[in-house]
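Included below are structure tokens for two forms of one protein chain, each presented in isolation as structure 1 and structure 2.
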Structure 1
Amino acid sequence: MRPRWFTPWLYLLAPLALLVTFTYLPVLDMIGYSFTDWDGLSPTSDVVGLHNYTDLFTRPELFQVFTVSLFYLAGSAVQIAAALYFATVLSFRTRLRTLFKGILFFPYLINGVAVGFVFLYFFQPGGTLDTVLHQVGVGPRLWLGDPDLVNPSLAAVSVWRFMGLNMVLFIGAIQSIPPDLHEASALDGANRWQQFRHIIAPAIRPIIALSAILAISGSLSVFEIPFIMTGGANNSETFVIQTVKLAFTFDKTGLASAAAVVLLLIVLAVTWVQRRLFPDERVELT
């Protein structure tokens, strides 16, 4: 008996219903709120058209927070480079490689709130970091209180937490490479660097591109780590923290919705540009 054309859609019905209910419908509501002056509590609101967007683009201070994203973007580059290095090393025959994989991936499994509180003690004056640095003659610092140090410190926390996820993605991609290629290159006298440059890097290029897209979008929408550790103080406020404050502190849900829509459009635009500049290419390894 031939399967009916709608049979696959029956299996997709439940996940599609959840996706529409908890993703697309809230996005449509958010877009609708962005054209109103709703305060988040009143049962009624007035339509203000593009006033929220005009207000958003004519107040430079609302976009200055994007400079904080540059620290996280730089941290993402370090994160991807470190993940690629460890994934390559641990893909070869290395002693205790399973143990090291678990150690490096473990931070990603920890709840973000717990990570924030752990590093609050790590960075506090006289805390773990100051104690370690004191042993090499470095004096204490206000890691979360100094505007020049707070953003690099918070970006380093993000690198520590998410590097393991990228490493696992890279390891999975590297393991899909036929082992015969590694053996043949080793017989030809290729060292580890040459194997990485000519075999591994071209083969996992789509995964590297995916990680770069996730890194850029994540850098623009950082929230939980700085919110928990500093609350946006000392020039550590991100665009998302600012949006949350507009909605829940200043009761400007309409303006906050407009900011969220703008952030969504920026992320989509960056993703589109990156996909145009670095399109997926099927790599044939022979």
Structure 2
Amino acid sequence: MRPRWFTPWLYLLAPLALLVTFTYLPVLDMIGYSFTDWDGLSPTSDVVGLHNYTDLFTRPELFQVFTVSLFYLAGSAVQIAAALYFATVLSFRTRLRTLFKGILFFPYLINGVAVGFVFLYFFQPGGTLDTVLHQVGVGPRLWLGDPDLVNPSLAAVSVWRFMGLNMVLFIGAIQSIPPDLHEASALDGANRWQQFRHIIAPAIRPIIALSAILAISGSLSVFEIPFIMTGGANNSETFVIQTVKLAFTFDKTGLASAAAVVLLLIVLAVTWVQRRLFPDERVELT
């Protein structure tokens, strides 16, 4: 019984319908909306050309969300460095290894709203952090109320939440290195740093590159934690919070779409650059 030509399409019917309806159609629609002044509700809308785009790039209050991303980007760098350190340490003999690994990883599994509340309480004036810092003589600060402190505080929550995930991924990669490589280098008298530098780092380069790329697109699309904790107040508004507000609170679907197109283009550009820099680490699909 040879399969007929349409057999594979029977299996692909549902997946392709979903793919087109929820990925490709929205992208096309969004590009269309971005050239109009549509409010998302009324049956009519006018084509306004590039007006929404010029708005985005010339009104500083709309553009300022990009500077917020920089804090999260810096947080990602800290996160990847810490994850590399702990992954290396926990890949070798260490007392209570499983326990440490479990503790550091667990935040990743916690519900985002719960994480938001945990840290809202943690950063409260006179809250947990102030209490702990009081022991070492640091006075209370307005961690979420001070426009200079709010973004570092929120970025730190991101690091707290996602460092363990990066660490577990790095541990997985390190464990796929043949163990005799470590033994051979230890016999040659290499210390831990030299082992990391010459064996571990090159072997897990693809996953580090992948983490870096996810960190960049992640930093641009932060939403949950700042939305739950501050609602975007005090300079903490991110790109996605702004887009959601424009579209669903202020009914500026056209402007929100233009913002989303810009975000999409940045993410695609970053991915493209990464593919050019690491061509051999392409995701294999075929």
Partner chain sequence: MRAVKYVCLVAASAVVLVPLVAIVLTSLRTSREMADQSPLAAPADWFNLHNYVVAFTDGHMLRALGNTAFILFFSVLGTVVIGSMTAYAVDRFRFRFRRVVLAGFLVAALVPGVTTQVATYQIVNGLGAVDTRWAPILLYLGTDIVSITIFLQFVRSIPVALDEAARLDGAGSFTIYRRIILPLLRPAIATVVIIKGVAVYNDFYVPFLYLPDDSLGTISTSLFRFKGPYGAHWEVISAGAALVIIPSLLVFLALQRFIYSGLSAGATK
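Predicted model only: the values in this text are computed from it and were never measured. Between two forms, the rigid core is defined as the largest C-alpha subset superposing within 1.5 Å. Numbers follow structure 1, counted from its first residue as 1.
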{"query": "Index of the chain form predicted in complex with the partner chain, chosen from the pair", "finding": "2"}
{"query": "Exceeds or equals 2 Å, Cα of D55 between the two structures, core fit", "finding": "yes"}
{"query": "Core-superposed comparison between the two structures, A269 Cα displacement 2 Å or beyond", "finding": "no"}
{"query": "S217: Cα shift of 2 Å or greater between the two structures (core-aligned)", "finding": "no"}
{"query": "After superposing on the core, C-alpha shift for V27 between the two structures in angstrom", "finding": "3.7"}
